[in-house]
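In structure tokens, one chain follows: the form predicted on its own.
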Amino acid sequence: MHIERAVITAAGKGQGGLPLQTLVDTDGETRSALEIVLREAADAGIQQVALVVRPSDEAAYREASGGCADMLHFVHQSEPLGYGHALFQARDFTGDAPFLHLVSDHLYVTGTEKGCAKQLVEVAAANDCAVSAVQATRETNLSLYGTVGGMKVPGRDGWYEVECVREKPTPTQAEQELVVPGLRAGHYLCFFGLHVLTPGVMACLEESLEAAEHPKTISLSTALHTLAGREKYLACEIIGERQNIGIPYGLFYAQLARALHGVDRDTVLADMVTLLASSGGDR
């Protein structure tokens, strides 16, 4: 499996401005969240990226892409008909090839030499199948993520054969359908915001969209659940951390994580100690 293309979705309600926010990156340079995501893809070997946006947002996104503009192909989602519908708009771009899928409001840091997307792409290429990055997540956060259930792959730490996928399950539903042997009690495998997908997922999305009365109810999780019943589909725990900039304080946590993994770590830590000492003295 050779993966050279990626699809990034950025047309969701309330998502339009998030990737345009700027942060100081790990190398000390100021970049938009979008450019950081594009650099993550490029580091994984991606050469072309389809960015799914609202038509009115294209100019702003092009400007925010910085030095990665040459990679971009814009795909429009003219109506806000949901995540599954947005991804399906890129079907002509992906064609018959596997592709990396990222969401525009998740950023990543890792203490390893390989970025999170690169780790995932290498697992997919070695196994010639769809693979989703996952992370063990407390049940209190299930309402934020798609979640998978399955069995561990023998001899492979952190790899799982996916059997079931549910979108933002309740704790009760997760306990009934998504328990993975070996995980700590109260923890489940939730999506990390990174997937390598085969052309089969587009077929699953098309079937779901044709059958649905309301397209905006179609999630990627629905298509991935169908895919798991048709072809080999793995989940893999990635070495790294995700920051969802779309939740309260998400942008702050993302900036803090990049600072603590970057060239300005010592300066940031010293300033934090000073700030905390000052705050404590005012109480």
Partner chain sequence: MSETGLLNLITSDEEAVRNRDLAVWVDAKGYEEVLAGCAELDAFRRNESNLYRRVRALFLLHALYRYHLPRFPELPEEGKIPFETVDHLLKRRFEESIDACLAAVEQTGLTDPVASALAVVYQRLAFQSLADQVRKSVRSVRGNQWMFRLGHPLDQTLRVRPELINPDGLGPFPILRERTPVRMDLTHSGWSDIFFLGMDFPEGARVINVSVDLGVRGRDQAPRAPVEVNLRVLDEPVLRLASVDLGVQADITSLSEVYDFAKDYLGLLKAAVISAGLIPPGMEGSGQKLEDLLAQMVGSGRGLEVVSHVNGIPKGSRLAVSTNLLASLIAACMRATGQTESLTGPLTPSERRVVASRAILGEWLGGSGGGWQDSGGVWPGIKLIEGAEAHEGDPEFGISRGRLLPEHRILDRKDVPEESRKRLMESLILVHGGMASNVGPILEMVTEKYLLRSGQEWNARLHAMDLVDEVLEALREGDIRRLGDITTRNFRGPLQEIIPWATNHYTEQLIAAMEARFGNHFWGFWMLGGMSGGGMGFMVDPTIREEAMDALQEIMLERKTSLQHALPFAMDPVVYDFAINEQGTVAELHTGGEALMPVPYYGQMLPHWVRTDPRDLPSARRAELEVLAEVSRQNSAFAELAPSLFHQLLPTDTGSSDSLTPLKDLLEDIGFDPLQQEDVRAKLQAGQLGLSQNRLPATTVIEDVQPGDVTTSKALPQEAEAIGWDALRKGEVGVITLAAGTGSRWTQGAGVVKGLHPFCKLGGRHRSFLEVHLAKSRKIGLEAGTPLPHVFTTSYLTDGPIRTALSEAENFLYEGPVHLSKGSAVGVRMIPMLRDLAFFWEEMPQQLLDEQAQKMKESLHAALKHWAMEAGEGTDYTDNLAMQCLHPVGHWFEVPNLLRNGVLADLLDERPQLRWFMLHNIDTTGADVNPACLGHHIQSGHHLTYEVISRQIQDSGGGLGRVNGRVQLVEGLALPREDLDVEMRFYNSNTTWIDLDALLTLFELKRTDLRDMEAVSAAIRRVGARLPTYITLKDVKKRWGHGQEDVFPVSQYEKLWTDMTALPDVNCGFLHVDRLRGQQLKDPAQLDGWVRDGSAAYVESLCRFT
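Model, not experiment: these values are computed from the prediction. Numbering follows the first chain given and starts at 1.
Same protein, other form: the form predicted in complex with its partner chain, not shown, and the subject of what follows.
Remark: all three candidate residues (E139, A185 and Y188) come within 4.5 Å of its partner chain in the predicted bound form, counting heavy atoms only. The partner is absent here; in the predicted bound form, the one residue of E175, E163, E206, E79 having a heavy atom within 4.5 Å of its partner chain is E175. Taking A125, M151, V179, A97 one by one, only a single residue has any non-hydrogen atom within 4.5 Å of its partner chain in the predicted bound form, and it is V179.
Of the candidate stretches 99-107, 140-148, 84-92, 189-197, only 140-148 has residues whose heavy atoms lie within 4.5 Å of its partner chain in the predicted bound form. Its partner chain is not shown here, and in the predicted bound form it never comes within 4.5 Å of any heavy atom of T112. Contact annotation: G158 falls outside 4.5 Å of its partner chain in the predicted bound form, judged by heavy atom distances.
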